[in-house]
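A lone chain, given as structure tokens: the form predicted alone.
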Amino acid sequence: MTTNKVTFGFFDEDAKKEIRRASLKAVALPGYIVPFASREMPIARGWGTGGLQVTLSLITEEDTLKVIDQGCDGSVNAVNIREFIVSVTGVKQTMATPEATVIQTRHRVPEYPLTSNQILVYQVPIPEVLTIVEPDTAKQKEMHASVDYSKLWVLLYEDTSQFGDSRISSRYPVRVNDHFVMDPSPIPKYDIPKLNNNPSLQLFGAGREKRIYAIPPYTKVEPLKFTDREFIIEDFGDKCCERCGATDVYLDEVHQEDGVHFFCSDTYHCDTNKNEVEDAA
């Protein structure tokens, strides 16, 4: 009688192979949603199990890991996921974006430009972009197959005609490689342009919904918009990060007793910029 051997990365090899196959299919069909057998994890579904499973299936002993939650390396979600991955793999961990080969993220794309040697894994709560306009899953598949996104266009038109712009503040629909329209996960509009022609491999995992999809390196990604309308990202006006002074980044709005304060969402970028400013002074 044989006993099960504890394998690298929590999962057994068959489980990792199945997730890798789904990921490879997603890479071959940019923006296409691929089902996979989502496993039970030692964290609750909805807390990043999809991204965690993708990360554990592809990470190797040579990799260096970074985990962020809304740009922050020190949040509860980021710390717990990072500690779990390190505990079952023993890989090196870092908070420096350029040093990481695998970056797992929730709700942000790092400010620091990524490279072709890096993989960005997104934690995704709702993978299907058509859910907001079509609840029937069979019809969703038909619409994707026929590239019929008329209901999304109607939603954007109604918002634009009434409010001057779309009210979708995150999860803004994007067209991948001039074909599938997909949900980019709840990243802000500010991060949408970073998806286009990005040299890194971007993988999206939804554990609760049991879905994986991908944007391969150097792939065309465009926000769904009308030709006579500019895609408008968040504008912070004359606000800057009160810690490092940065103005060309996505800022978090923090409400305190003495008023509203703004800080960099990306903690690594903030730390780096702060050190550079202090060195220059």
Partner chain sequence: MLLELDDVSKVYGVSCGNCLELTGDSSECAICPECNAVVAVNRVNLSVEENEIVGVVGESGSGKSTLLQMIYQDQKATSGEIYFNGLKDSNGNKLSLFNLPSGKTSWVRNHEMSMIYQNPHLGLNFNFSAGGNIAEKIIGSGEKRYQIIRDRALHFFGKIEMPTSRIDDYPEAFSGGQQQRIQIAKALSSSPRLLLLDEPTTGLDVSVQAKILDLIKALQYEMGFSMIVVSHDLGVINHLTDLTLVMKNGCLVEYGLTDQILEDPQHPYTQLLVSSKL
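Bear in mind that the values here come from a model prediction, so they are computed numbers and not experimental data. Numbering follows the first chain given and starts at 1.
Below, we turn to the form predicted in complex with the partner chain, even though it does not appear here.
Contact annotation: of the candidates 88, 168, 133, 96, the single residue with a non-hydrogen atom within 4.5 angstroms of the partner chain in the predicted complex is 133. In terms of contact with the partner chain in the predicted complex, the residue from 197, 117, 150, 137 that brings a heavy atom within 4.5 Å is 150. Segments offered: 157-165, 204-212, 109-117, 187-195. Contacting the partner chain in the predicted complex at heavy atom distances within 4.5 Å is 157-165. Although the partner is absent here, residue 218 sits far enough away that none of its heavy atoms falls within 4.5 Å of the partner chain in the predicted complex. Contact between residue 229 and the partner chain in the predicted complex is found at the 4.5 Å heavy atom cutoff.
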